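Form predicted on its own, single chain, as C-alpha cells, below.
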C-alpha cells in the first residue's frame, strides 16, 4: 500500500472519515435534533465528489495488487453515488425531523453504504466484490428497518436481510467454483484464462459458478425471478431509504455486472446470452404488467424498478467489448438518469408524509397541483422521464440503450423493450392525471416542507438539463466505457 494508491481511493476514504466523524459528534455533542449531522454528512459527500471528479481524467490504474481499479468507470459511478447520497441526506433530514424517535445513525449508515457502492463499482476481484457488496448491503438492511416504531419498516428490513443473506450465499458459492476451476478471482487474470483455455467452455462447474454469481447480482438488481423482496421492502422502508435503494443499490449492482461481462467477453456472452435474454424479457414484462394494477405509488415504483432492470439487461446483452462500446455508454447514461428519477419520485412521498404515518396512495395525490404546483411539476417531470418522454433524461437513456441493441442486430428484442415502454407509459402518466386532473378528496395529502421540495426540484431540474444537453453526461459515460476497453 502506498500514498499514491490511497489518493486514488480518496472518495471512499472521505466517506469513511465522514461516517466516523458523525459517530463521534453524536456521541460527544448530543442534541435533540440531528440537523447538524446532515450538514456534516453533506460536507463529506461533497468532498468525496470533488475528489472523484479528478478520477475522470486519470489513466486506468490497478490498485492493491489487482483488488481495485481507479479509472473513469469507477469515478463516473462515484459521482452518481455522491449525488444520490446528497439528495438522500437532504430528504432523510426532513423525514427524521418528523419522527419522535431520534435516529442519528441514519447518516452514518448512508455514508458507509455509499462507500460500499463506490468500492463495488471499482472492484476488480471477486473477493473485493463480495466484501463491497456486504458493506453496502448491511447498511441498507438497517436503513430499511430504521423506523423502530413501524412494524412495516421492521418487516421490510427483516425480509431484505433474510433474502439478501441467501443471495450472498449464492454469490459466495459461485466465487468459490470460479476460483476452483480457474485458480484466480482477479478479473484481468480470469479474463485472460477464459480467453486462452478452451476446456473451460465445456466445464459444468465453471458455468455453475457463473450461474450462481448471476443469481447473487440478479437479486440486487431486482431481476425476475429474484425480485420477490422488492415490492414489500420498497413499500415498508421509509421513502428516503426506498429512493436510496432504488437508485444506489441498482446502480452499484449494474456497475459490477458490466465489469463482469467485460471480463468474460466473448466466451461468457456466447454461452449466457440466451439465458440473459430470457431474464430481460420476463423481467421487464412482469414488472410493467404488475405495476399497472398498483394504487400505491411506492409499490408502483417498486415494480417499475423491476421493469427498468429488464431494460438495462437488454443493454447488457448488447455489450460488444469494443473500444467505443455504445451499449456500455448507454447503460451508464441510463443509470445516471434512473437515479435522479427515483430520488425525485420517492422524495415526493417524503414531501407529503406526516409524523402519524407515511402517505403513498395515489388517491392522496389528487389535486396536489392546486396546493403545490412546483412540487407537482417536479414529480410530473420524474414520471415523464421514467416513461421516456422527451425532452427528459429518461428519453435519451432508453434511446441510447435500445439503439445499441439495434446496432447489434437484436431488433426483435428492441421491439419487445419498446412495447414494454409503451405499456409503462400508462401507469406513469396516471400519476400526472391524479396531480392535475382529479379533484382532491378529504384525505388528500398536503405537504409543506421547503427542504424536501428543493431536493425534488434538484432532481427534476437535472433530468431536464440532461435531457436538453445529453452530450455532457454522455461524454462522461464514454470515458467510463473507454476505461473498461483499456482494462480488458
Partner chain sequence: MFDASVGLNHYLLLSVLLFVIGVAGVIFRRNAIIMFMSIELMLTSVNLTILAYSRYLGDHTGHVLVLFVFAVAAAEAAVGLAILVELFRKRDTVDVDRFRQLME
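Positions refer to the first chain, counted from 1. Remember, predicted model here, so these are calculated numbers, not experimental data.
Just so you know, the form predicted in complex with the partner chain exists too; it's not on screen, but the next bit is about it.
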Within 4.5 Å of the partner chain in the predicted bound form, heavy atom basis, the matching stretch of 71 to 79, 125 to 133, 380 to 388, 284 to 292 is 125 to 133
Picking from 154, 99, 408, 263, the single residue whose non-hydrogen atoms come within 4.5 angstroms of the partner chain in the predicted bound form is 154
The one option of 210, 399, 173, 112 with any heavy atom within 4.5 Å of the partner chain in the predicted bound form is 173
At 4.5 Å between heavy atoms, is residue 299 in contact with the partner chain in the predicted bound form? yes
*Contact of residue 363 with the partner chain in the predicted bound form (heavy atom, 4.5 Å)*: no
Check your understanding: Quick one: is residue 320 in contact with the partner chain in the predicted bound form, heavy atoms, 4.5 Å cut-off?
Key -> no
request  = Give a yes or no for residue 254: in the predicted bound form, does one of its heavy atoms lie within 4.5 Å of a heavy atom belonging to the partner chain?
outcome  = no
message: With the distance limit set at 4.5 angstroms and only heavy atoms considered, check whether 217, 224 and 250 all reach the partner chain in the predicted bound form.
response: no
Checked 132 to 159 against the partner chain in the predicted bound form; residues with a heavy atom within 4.5 Å, sequence order, are 134, 138, 141, 142, 145, 148, 149, 150, 151, 152, 154, 155, 156, 157, 158, 159
